Each structure stands twice: as structure tokens, then as C-alpha cells.
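Presented below, as C-alpha cells, is a lone chain in the form predicted alone.
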């Protein structure tokens, strides 16, 4: 027995099993540990705890523009000024096209282009090159920002994935459908504008940009904000606020606008307005000291004051979230939504546990019927159980959310594991008691077949994991991890244990 426990394969097996149990049940920043009950530090997706799933469409178009006498920069600036949206030149199938980060129809764009005697460009078949959608880079940027913002709101059980050129799927475990729709509807396009006409107090929070009767002009987008203090700032006067820093370019834009539209001389009637999805979330005049400084130089560091007391602090915290998230570069719309209620999620979770236990029991019964030897049945079933624990430990260590596809992956690993362990057992028991050299030759033969099977399965799972079918990604990843644990850790330890027992 001592020789078995000293074997490097068995030592690695026992060490990883112990590490998995520690990760699952040790209280730490990962979770409550043993205090969290049987699930420990494991995290579950909305399938197993309830929650909401939303399908979000990103609004934007990509178009080719034929504008005689205008270069790329002029076309971009013209489209930005007339559409009020950010415009990015992109290369599509060898053509220079323009990504307009706003929902605009073909007819609306044609009317705008007529002002410059321009038109929508044609492809080689003579069809207009205009379609709804965004570049892959923009979609991924939006997905990351959206996930960051949701996590900053304290929603750690968030999974986002892209499924099309302009579609993002979002899972919010433990969040009711009404709250999910409200939260997802909030992240949007952040913009700072300046009041050019009107009086102090004309603009108020909650107003739509289209409802503002006095004139405002675009100054900068969220991308010009390079740093936001994560903590609310409290000034000497007791007012709370959000402290942020602009880029060099952003500071220049703000100064130029303040001088051009009179905010330097008359700050009270030229408020800075912050908007999210064209809705005012903050509006206030420049401080006299800031206005005076802007007359001589750009200012990079700013504090948006939000008021006194707890209400002022809460507003500052909300504003910090909008500023820090970098904000979405494009508007979004919720296309579809679905909900798994907590009781239903609990039933799914209980059913998953029962399915895992039944799978192990059925495997044990079948192995007993086949070999009629407890020396084979016990190590085989314990090996499969240890693989399940190691996979769960891996999920807990990286914060992976277990969902129904992930549970299906674990059961799949049990099924393939039985097949592989049976191959090792058959080879080990063939011909009765043999010398160590013959035993290793037989086991090596089985192992070569198992290795080839594992490699081909992993290649197939990698393809599935890399596709946009996000709901199946958990299945693929768990299956890959389980196969690697089996081929590298549990199979060698099982073969050594079987040699000792037989």
C-alpha cells in the first residue's frame, strides 16, 4: 500500500482531488465555502437558479458612399454632423464603407446625402451597398462594455455572448424579467453636449434630447473619458460628485466648445449636459473657476457635482457607473426575453444532481454485472466520482457558471470515462496474473486507443466551443476539461491502482 501511495501518478491524483475539494468548500473571495451548503463555492446559471435571458439588437448600419469631391475624412465628418452619430470608416470586401452607429433607414440617409450631391454607392451587381449591422469589432466592444457595466451594478452572475452581426444574448441569473429588461435597457450611448441657447435650468434630468427646446451641440463621446474615480468625491462644500479625467483630445474639444458657444463668459446659461441613449442623466453649468480657466487652457480633470447628503452620494455613484463603463458605442433594443422562475430553476438543479447520482449508480451496477469483482467496481466508480469532483473544482476555481449544458457535459464525460476504464480493465485482466512488463504493454495498448479517441473528441468540442452557439459552449468546455483530467490524471492512477489490487 505504501508503494502505491508513493507512486507519482497516484500522488498527482490525490493532490488534485484534495485541491478541488478545497476550492469548492473553503470559504474565500470565491464564495462562502462549506457555509454555502452542499454546493459550496459553485456558481449556477439561470437554468439552475432561475433568472432572465434577453436577446439584444445593436443598432447601426454599414454603407458605401459616393461623394464626388469629398475625401474620406470629409464624408465621415459630414455624416457625423448630420446623423448625430459616431461614424467609423471600415473596409468591407475591398470597399471603403462607413459604419454609422445609429438606427437610420436607407431613405433617411439618401435625403441627407443629397445635400452634398452624394449617394449610396453600388456594388458590382449595381445594388446599393447599404445593410443593417455592425463590424465584428464594434459588436465585441459593445459586448465587453455591457458586461462590465452589468458587473459594476453588482450582477456578477452575468453571461454575455454574441450570436450574430448585431445580436447579443445576455443571461442574468437570479434577476426577474422586469428588472432584467430595465437594467439592459439602461446601458447605452453616452454623450456630453453643451447648451448653446437658453437659460439656466431649462434642461432637466430625464428629458429626451428631442424634447429639449433650446439648442445643444455635441462635444464628446464616452471614449474621450480616460479615467473615472471609482469612489464618489465629496468637496469642501459638502457636495458629492463624480470625478473624471478627459483625454488631451477630449479636453481640447470641451474648451473649444466652451469658447465658441459662450460658456466661458456666461457659464450659467450654457450648461454641460450628459446623456445616455439620448436621455439627460446630468446637467449643470460650469463653475466660474472652471470657466475662467478654460479661457486660457484646456482642463483635463473634472468633477460633476450631484448634490448633498445620501441622495447626492447615490446620484454620484450612478453617474460613476455610466462614466466608468466607457458606455455603449451604439444604441440597443431588446428583441426578445425569457424567464426561468426560481422554483423551476431549483427543480432543474435537483434533477441534475439526481441524474449525476443515477449515472454513477447505473455504471456501478453494470460494472458489477460484467466483472463480478468488487476490487474492480469500487476503484472504477470512485475514479468517475473523482473526475466529477475535479471538474466541479475547476468550475469553482474559474467562476464558471454551471448550467444544464454543463451538467450534460459532465454526464457525457462519465459515459466516455466508463468506456475508457473498461478498456483498461479488460486489458489488465486479460490472461490472468502476469508480469509487470506484460501488464504495462497491455495497458499501453488500451491507452493508445483511448488517447486517439480523446484527441478526436477534443478537436470536435473545440470547434463547438469556438462557434457562436453560446448555449452549447458550456457543454463543450466541460467535456474538454473532463477528457483532459481523465487522460492526464485519473486513467494513469486507475491503471496503477488496478495493478496493485489485481
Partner chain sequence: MLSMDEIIEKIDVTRYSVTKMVLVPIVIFLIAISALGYMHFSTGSPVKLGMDFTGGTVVKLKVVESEDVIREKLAQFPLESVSKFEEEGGVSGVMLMFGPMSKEEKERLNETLHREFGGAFEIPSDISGVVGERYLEQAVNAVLIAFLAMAFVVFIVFRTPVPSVAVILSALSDIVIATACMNLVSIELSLGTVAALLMLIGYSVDSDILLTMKVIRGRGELNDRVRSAMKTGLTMTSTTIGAVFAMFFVSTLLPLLWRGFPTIEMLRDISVVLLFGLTVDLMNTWMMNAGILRWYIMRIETKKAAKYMASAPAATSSALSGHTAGSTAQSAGRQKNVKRRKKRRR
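Residue numbers count along the first chain shown, from 1. Since this is a predicted model, take the numbers as computed values, not measurements.
Heads up, the form predicted together with its partner chain isn't pictured, but that's what we're talking about next.
- Note that among 365-373, 386-394, 139-147, 311-319, the stretch whose heavy atoms approach its partner chain to within 4.5 Å in the model of the complex is 365-373.
- The candidate site formed by 55, 359 and 415 is fully in contact with its partner chain in the model of the complex, as each residue has a non-hydrogen atom within 4.5 angstroms of it.
- Using a 4.5 angstroms limit between non-hydrogen atoms, residue 305 is distant from its partner chain in the model of the complex.
- Although the partner is absent here, residue 292 sits far enough away that none of its heavy atoms falls within 4.5 Å of its partner chain in the model of the complex.
- Its partner chain in the model of the complex is not approached by residue 161, whose heavy atoms all lie more than 4.5 angstroms from it.
- Residue contact check for residue 28: none of its heavy atoms lie within 4.5 Å of its partner chain in the model of the complex.
- Of the candidates 96, 208, 231, 336, 336 is the one whose heavy atoms come within 4.5 Å of its partner chain in the model of the complex; the others do not.
- 181 is the sole member of 181, 76, 102, 245 with a non-hydrogen atom lying within 4.5 angstroms of its partner chain in the model of the complex.
- Residues are counted as partner-facing when one of their heavy atoms sits within 4.5 Å of its partner chain in the model of the complex; in 343-359 these are 344, 347, 348, 350, 351, 354, 355, 358, 359, in sequence order.
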